[in-house]
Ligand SMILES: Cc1ncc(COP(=O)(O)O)c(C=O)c1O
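Just one chain follows, in the form predicted alone, and it is written as structure tokens.
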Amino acid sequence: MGLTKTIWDRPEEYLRAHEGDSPVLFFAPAALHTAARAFLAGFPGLVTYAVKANPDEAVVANLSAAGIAGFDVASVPEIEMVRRIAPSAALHYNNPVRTRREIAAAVALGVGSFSVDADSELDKLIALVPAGAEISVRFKLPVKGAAYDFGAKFGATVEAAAPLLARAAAAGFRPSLTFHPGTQCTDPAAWRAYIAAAAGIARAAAVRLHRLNVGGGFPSHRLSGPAPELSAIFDEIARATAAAFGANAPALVCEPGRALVAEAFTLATEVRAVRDGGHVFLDDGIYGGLAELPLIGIIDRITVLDGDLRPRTGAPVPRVIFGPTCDSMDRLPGEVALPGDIAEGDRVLFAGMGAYCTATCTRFNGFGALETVTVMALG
């Protein structure tokens, strides 16, 4: 009996050997390591991975191997999973609302950093978390520039953050601040505004910050053209911190999810039908791996391959793309330019799909099963 191949050279090699197996999520660990190295070399502080973006154990293991030493976790199952794979990693429990059972479990598992944005939640932490742990007060600003605003759910106002910070310090915790500029934030000025506000909060609380967590929000490469310049954001964070805090600058932390993991995955779908030469129906949609596209916009880094896995070259035609379910909401946003000669059975590959593709996938109508296949390279 021959050996079963588990790592393929490229997506096309696998698709050629598995006709009809779709949708497939192709994972390139080498791309994940490249993204990790870019953050570790460029960000002026501790890099922690936001596990929610892609909780696949292979992702966590590869990031740990690449040098990521901290993880932003939002639940006890995430804590347990990271502890099993990367036992010595620093864990930051930055979901600001937790039950007492969850806090006790996190303490037992060695979590040493917790975020908070309300007095009632700080009461729980004071009662259950040993003194000396880090408490990061999460605050929010009305800053634009992101695909959607995280401040609608979490974050104290600037005015409320200062007394929370002072109270955490008085209770014997290491006082820190944290914020999230919003997902897919492309404007470095958003971080500058938040960092300046953090310095004001620290002054109002008469507290010297232990650390400042500048959140996630770092953009991934979603649209055709040049990739976002993360180095410009890193540089702005460093300049803004020095300008706002001077000699009292806290240590910096970031918690990227999307920008770390997106480029390591490509989603391959199959065309189920081109209805009367117009609308395109795929075997995956918003209830599957494409779930977040209606929330933050299309990924137009798309390649269409014909039945022989050769790129389609027809002139682009704007198309409505539907997923496979019987729900009329199962549609990608807007119209998407696809080759005019696209046909049933073609493969449609979406690049940059590592973030939230599996984490938010459902099995509605019996669709949504995603097979993950490891490849040496995606392009």
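So that there is no doubt, residue numbering starts at 1 and follows the sequence shown. All values derive from a computational prediction rather than experimental measurement.
What follows is about the form predicted together with this ligand, which we do not show.
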Identify whether this ligand in the predicted complex is within 4.5 Å of every residue in the set 180, 218 and 258, based on non-hydrogen atoms. yes
Even though this ligand is not shown here, does residue 269 get within 4.5 Å of it in the predicted complex, heavy atoms only? no
Answer with yes or no whether residue 347 is in contact with this ligand in the predicted complex, where contact means some heavy atom within 4.5 Å. no
Given that this ligand is not shown alongside this chain, does residue 331 nevertheless sit within 4.5 Å of it in the predicted complex, heavy atom to heavy atom? no
Report yes if any heavy atom of residue 319 sits within 4.5 Å of a heavy atom of this ligand in the predicted complex; otherwise report no. no
Partner absent here, but in the predicted complex, which of 338-346, 308-316, 26-34, 49-57 has residues with a heavy atom within 4.5 Å of this ligand? 49-57
Output the sequence-ordered list of residues from 296-319 with at least one heavy atom within 4.5 Å of this ligand in the predicted complex. none
